[in-house]
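Take a look at this single chain, the form predicted on its own, given in structure tokens.
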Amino acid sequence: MGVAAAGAAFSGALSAGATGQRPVAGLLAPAYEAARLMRQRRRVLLGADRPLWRGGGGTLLVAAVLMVGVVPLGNWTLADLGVGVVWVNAVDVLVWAAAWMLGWGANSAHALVGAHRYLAQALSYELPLMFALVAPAVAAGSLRVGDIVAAQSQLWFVVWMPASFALFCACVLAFSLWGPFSTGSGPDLAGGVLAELSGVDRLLVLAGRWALLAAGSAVAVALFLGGGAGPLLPAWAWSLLKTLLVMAALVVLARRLPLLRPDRLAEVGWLVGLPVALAQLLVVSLVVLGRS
């Protein structure tokens, strides 16, 4: 959550700078917004399924914790699963359920359309994401994230898997519901899945999106950037530093890219992203075969 808070503060500084204010003033903007939302009264809607609606916001946070649980922080891992890569992919699907719960449970047209937009874009990026995750696993010969980090002791995977790394970073923005993949909460839908949320409910969803962005950045560091490998500093410090840098890059990228309509995203995902992911996986497989 500290990395997520740092990312939110960085985004606040960028927003302040873009409006001519001092960037330092924007660093505390997320904290002020969180305090305001904690004091704000929860909105009550007629006919809303409250457990489903409010559970969706909490599910985003739970998904972020589950995802980062298999990522090594130095020599320590919360859950060193033998199928860690599959676990990351499965948790990503949990975000689909959370988005649908937010939309359906609110009993609101805007929220429902927003939820279906998220589901539509998820169908577009899921296969490229899956193959982007498979490439480092094939290279390391293991689905355990710790083994993938160890396999990069001589050369980080990002050097010879740039396409998989770029696709995975784009998918991190997608399953975090940020940047060009935030049409489900866009202004043309009056906020979509966020339209009816207020108070703590809205805070949970916003915190969940930042937490997912931080968790995805941590996974990218472990799978492609050598994990905690680096000189002088301890391994956990390198993991943390790299995660912050990847997250900062994603925040800048999300602010510069335009929104992608779900139908356009399907074209990009299936006609560009998927072939590129498969081509990268083929190259990795041939290299592994050549070594053996």
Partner chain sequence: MITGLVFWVLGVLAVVSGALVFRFDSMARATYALAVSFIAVGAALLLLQLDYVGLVTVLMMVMEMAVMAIYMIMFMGMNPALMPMSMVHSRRTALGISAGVFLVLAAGIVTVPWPQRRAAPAADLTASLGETIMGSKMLVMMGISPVLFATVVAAVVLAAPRTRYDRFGDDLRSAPSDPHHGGVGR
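For clarity, every value in this text was computed on a predicted model and none was experimentally measured. Numbering follows the first chain given and starts at 1.
Absent from the display: the form predicted in complex with its partner chain. The rest refers to it.
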task: Spot the stretch among 261 to 269, 241 to 249, 29 to 37, 223 to 231 with residues whose non-hydrogen atoms come within 4.5 Å of its partner chain in the model of the complex.
output: 261 to 269
query: Ok, 138, 190, 159, 97: which has a heavy atom sitting within 4.5 Å of its partner chain in the model of the complex?
result: 97
task: Answer with one of 155, 78, 93, 150: the residue that has a non-hydrogen atom within 4.5 Å of its partner chain in the model of the complex.
output: 93
- prompt: Is there a non-hydrogen atom of residue 87 within 4.5 angstroms of a non-hydrogen atom of its partner chain in the model of the complex?
  reply: yes
- request: Could you confirm whether residue 171 comes within 4.5 Å of its partner chain in the model of the complex, counting heavy atoms only?
  value: no
field: Contact flag, residue 202 vs its partner chain in the model of the complex, heavy atom cut 4.5 Å
entry: no
query: Within a 4.5 Å heavy atom cut-off, is residue 104 in contact with its partner chain in the model of the complex?
result: yes
task: Report whether all of 207, 254 and 278 sit within 4.5 Å of its partner chain in the model of the complex, measuring from non-hydrogen atoms.
output: no
- request: Between 129 to 155 and its partner chain in the model of the complex, list the residues on our side with a heavy atom within 4.5 Å.
  value: 130, 143
